[in-house]
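Shown here is one chain on its own, the form predicted on its own, set out as structure tokens.
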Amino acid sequence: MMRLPWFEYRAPRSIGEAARILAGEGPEAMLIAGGTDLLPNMKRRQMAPKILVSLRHIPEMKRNGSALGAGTTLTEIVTKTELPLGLRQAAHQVATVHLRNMGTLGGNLCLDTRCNYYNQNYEWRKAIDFCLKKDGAICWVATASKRCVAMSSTDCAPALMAIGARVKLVSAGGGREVALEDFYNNDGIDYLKRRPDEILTEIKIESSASCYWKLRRRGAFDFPVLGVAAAIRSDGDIRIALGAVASRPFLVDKANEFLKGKKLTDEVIEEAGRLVASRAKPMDNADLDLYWRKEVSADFVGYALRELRGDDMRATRLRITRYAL
């Protein structure tokens, strides 16, 4: 049995109080909301904060209206029929019902990057002399690389990027707002542009027609090995975002530029798929063959754009993703 290391637990009642604790405790403290990602990492000794600062009992983290509180659970996201369909589809495909009941939208956006050489227990990692992401000096996926190539596994980030979401970050010194696509670094270790003293408090979204398609080996309880989100913005522009093929989720700029002002004909969809596949660069650090994952990214773009066009994709969605929302 893997046990948690010892830690102190703080339960502030406001964002301001939580921010002051973070500022005072420095690198010794980490935030916890649902804990579905952090606690397993602590059990594997990948993270060992001395202090956990809970966001669970802060009402401001759960407010809705013009923005979604980062403390909104994934289950709540799924049930809010007024939210963009792509976001609800992404939230519905995260893990299992029990984990979605605990996991939060903010937690999914800040999800730790994953790798077959990193997501193991301490003894397994010690046997290979650890890895670049934690305690080691070599990236076992790309041994010549000076950068960790662990991949992003958030489902909600691509769905939110496609619709142009923005996030609010709050610290004891004030707040700032950034576009979600500017929230991530393409680095498996330093994968967020959130400072250690900042709290992701809310996500501002626009109403858009959107969808999300996820590739995983099992029909449930699996992280994505490919995520494709597509949306039609209020200005008519179509945006595609990819997940699980790099250390960050990202907008596919070349394909999005190509799609501007075009109708979604079969020929346009095929060319957009080709452009997206050229930008997908999965590494051999997750489930399924990386070359196949790159190849099928074009197919998944086709599924997403045809769904946006209004085609009936229910049978395909049931066959590929094994569920329909």
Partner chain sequence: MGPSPAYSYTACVVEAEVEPKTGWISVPKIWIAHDIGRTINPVLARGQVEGSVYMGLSEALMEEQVFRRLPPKLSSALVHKIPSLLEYKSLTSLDMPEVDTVLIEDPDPNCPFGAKEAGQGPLLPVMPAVANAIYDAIGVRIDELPITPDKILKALELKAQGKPGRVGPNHFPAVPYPEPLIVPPPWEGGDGKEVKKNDAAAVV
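Positions refer to the first chain, counted from 1. The model shown is predicted, which means the values in this text are computed figures rather than measured ones.
There is another form of this protein, the form predicted together with the partner chain, and it is not shown here; the text below is about that form.
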Would the partner chain be touched by all three of Trp124, Thr143 and Asp222 in the predicted complex, meaning a heavy atom each within 4.5 Å? yes
Determine whether any heavy atom of Asp266 comes within 4.5 Å of a heavy atom of the partner chain in the predicted complex, and answer yes or no. no
In the predicted complex, does Lys134 come within 4.5 Å of the partner chain, counting heavy atoms only? no
Find out whether any non-hydrogen atom of Glu271 is located within 4.5 angstroms of the partner chain in the predicted complex, and reply yes or no. no
Report yes if any heavy atom of Asn116 sits within 4.5 Å of a heavy atom of the partner chain in the predicted complex; otherwise report no. yes
Name the stretch, out of 292-300, 31-39, 272-280, 57-65, where some heavy atom lies within 4.5 Å of the partner chain in the predicted complex. 292-300
With the partner omitted here, the residue among Lys254, His98, Arg147, Arg217 that in the predicted complex has a heavy atom within 4.5 Å of the partner chain is Arg217
Sequence-ordered list of residues in 272-286 near the partner chain in the predicted complex, where near means a heavy atom within 4.5 Å: Asp284, Ala286
